[in-house]
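Heads up, the chain below is alone and in the form predicted alone; it's given as structure tokens.
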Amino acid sequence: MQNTIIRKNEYFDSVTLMSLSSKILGVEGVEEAVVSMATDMNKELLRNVGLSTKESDNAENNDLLIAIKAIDEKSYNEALKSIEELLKPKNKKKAKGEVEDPKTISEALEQMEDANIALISVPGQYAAREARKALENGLHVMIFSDNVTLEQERELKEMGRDKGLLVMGPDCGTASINNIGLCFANEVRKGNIGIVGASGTGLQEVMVQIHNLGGGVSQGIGTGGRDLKEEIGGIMMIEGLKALSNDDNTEIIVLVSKPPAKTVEEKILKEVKAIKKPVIICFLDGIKDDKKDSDVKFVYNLFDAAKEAVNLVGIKTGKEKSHEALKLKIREAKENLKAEQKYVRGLYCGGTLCAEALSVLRENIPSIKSNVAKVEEEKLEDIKEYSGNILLDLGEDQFTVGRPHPMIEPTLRLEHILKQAKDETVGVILLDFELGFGSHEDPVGVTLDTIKESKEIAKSNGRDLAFVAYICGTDIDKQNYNNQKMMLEDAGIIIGESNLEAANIVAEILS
């Protein structure tokens, strides 16, 4: 049984609906469920899964879509009942004198006079308007929402610059301001290294590695992924750089992004020359030309960005650990693969980690392709049908329309893991696990059974299957890093201590 319901002018935020959809998919007998706002992308998702109707096609952005496909009427009704319960407002009885939750930025400011930052997470069509209100009220802004136009983004960032306020975003998923993590961020040691990042998991990885190497972070400022485009001009990268230059708690500055537009790069380098503090620049996947500016250290991977920063602080990172045990695991994995098992399949939750792995592996793995590739010959044409060496960012829009991001709900990756296990040409499956605020409570735990099932699938066909993993997290993250690592080790999975190391392990196994 299947049915699609449209509720006119009934708005819920995307994070709530994504989480709800995931829960409903877990109801016994439910084959497909979409609970989302009726945006064009979500209506396209309904068409793709065969749940669209004439009414859903004509629904407006403010309308709520509830679409369920179940094996029978009983399962359908159970799912619908669950949705009704989960969507009910939680009307807690107010205690005497308790203030109503604010509904607008103005109301919030009346209750929190000392507030200085607003986090915006509303549909893209409204995000710019709300961000503008926040800026007019003297608030720094972090815009988690996407689908904001480039014109609006530039206007907001110019307004922020003129007012001396940060505009982090749109589509900014990570920040750490005065050691307080916002959205997707890791718990890290407080320190004197400040970071400005145009990539979410890239910023997370640098913060994590700084912590793991013994350093600490003063600020982690996100800019949103489009800031270094020609149309925006790196406004917030430059403003973030200036802010860290004037921050008494910051002694070392790290800039992280994918390669900017050439004119934007020139602007940034000009600003860097005026900064008196040491600056490290990581243009991930950038061209390694002869940049010999004595005031700037250029690196080309996230681990080196963290290591250089920690070294400049004066913290000794110590002698490199003995890798004999790791080398043995790599050799065993390599020897256990059949001749036809030549390929890697990387299934990433973190987009920048996927991009970094691509930049590492292209030097050792032939004809590698990815849905995050910028080089034409590396672009993956079909995300459903492919062969050879493939790296997938499962957080891209092609996979997440109407569904939670895999960092929030890693069970969405499980079907992809099983698919790769059935391919007899695959030798290695490469996975990342993100810990920290916003991420799933137990990303390894919900994946373990599928990893074990995948190994059994390969074994039943007379094959072995190597798993390589990286956990982007610290020993003080709420998910308990050591427990997560132990579960992977007990399952025979090879673990890299950085995303860079995990990619290099894959290269060694398949070389």
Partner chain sequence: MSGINKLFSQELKILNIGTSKFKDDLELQGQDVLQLDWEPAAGGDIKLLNIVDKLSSRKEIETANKEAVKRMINSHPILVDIDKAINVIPGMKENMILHSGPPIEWDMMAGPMQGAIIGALIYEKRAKNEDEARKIAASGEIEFAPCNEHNTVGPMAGIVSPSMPVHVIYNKTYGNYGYCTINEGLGKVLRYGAFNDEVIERLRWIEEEFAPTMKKALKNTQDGIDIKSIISQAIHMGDECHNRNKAATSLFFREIVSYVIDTDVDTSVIKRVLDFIKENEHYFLNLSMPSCKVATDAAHGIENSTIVTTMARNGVEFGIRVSGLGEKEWFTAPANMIKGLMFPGFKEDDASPDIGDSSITETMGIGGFSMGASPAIVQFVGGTIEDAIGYSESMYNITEGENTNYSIPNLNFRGSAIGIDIIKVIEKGILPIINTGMAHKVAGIGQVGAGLVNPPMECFKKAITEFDRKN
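As the structure is a prediction and not an experimental result, all values here were calculated from the model. Residue numbers count along the first chain shown, from 1. If you superpose the two forms and keep the largest set of C-alpha atoms that fall within 1.5 Å, you have the rigid core.
What follows is about the form predicted together with its partner chain, which we do not show.
Margin query: Residue-level question: is residue 129 within 4.5 Å of its partner chain in the predicted bound form, judged on heavy atoms?
Written below: Judged by the heavy-atom cut-off of 4.5 Å, residue 129 is in contact with its partner chain in the predicted bound form.
Next item on the list: Consider residue 490 of the chain shown here, and say whether it contacts its partner chain in the predicted bound form, taking contact as heavy atoms within 4.5 Å.
Entry: Heavy-atom contact with its partner chain at 4.5 Å: absent for residue 490.
Note to self: I'd like to know if residue 385 sits close to its partner chain in the predicted bound form, meaning any non-hydrogen atom pair within 4.5 angstroms.
What the structure shows: No - in the predicted bound form, heavy atoms of residue 385 and its partner chain never come within 4.5 Å of each other.
Margin query: My question is simply whether residue 408 lines the interface with its partner chain in the predicted bound form - judged by any non-hydrogen atom within 4.5 Å.
Written below: Output for residue 408 is yes: heavy atoms within 4.5 Å of its partner chain.
Check: Just one stretch in 207-215, 367-375, 417-425, 244-252 has heavy atoms within 4.5 Å of its partner chain in the predicted bound form, so which one is it?
Finding: It is the stretch 244-252.
Next item on the list: Verify the flagged residues 107, 178 and 478 against its partner chain in the predicted bound form: is each one within 4.5 Å by a non-hydrogen atom?
Entry: Each of the three qualifies.
Checklist line | Selected contact from 85, 363, 114, 381, since only one has a non-hydrogen atom within 4.5 angstroms of its partner chain in the predicted bound form | finding: The option sitting close enough to the partner is 114.
Check: 80, 296, 182, 312: which sits within 4.5 Å of its partner chain in the predicted bound form by any heavy atom?
Finding: If I apply the 4.5 Å criterion carefully, the residue I get is 182.
Note to self: At 4.5 Å, heavy atom to heavy atom, what parts of 116-150 sit next to its partner chain in the predicted bound form? List them in sequence order, or say none.
What the structure shows: Those in contact are 116, 117, 118, 119, 120, 121, 122, 123, 125, 126, 129, 130, 132, 133, 139, 140, 144.
Next item on the list: For residue 63, state whether the C-alpha moves by 2 Å or more between this form and the one not shown after rigid core superposition.
Entry: Yes, its C-alpha moves 2 Å or more.
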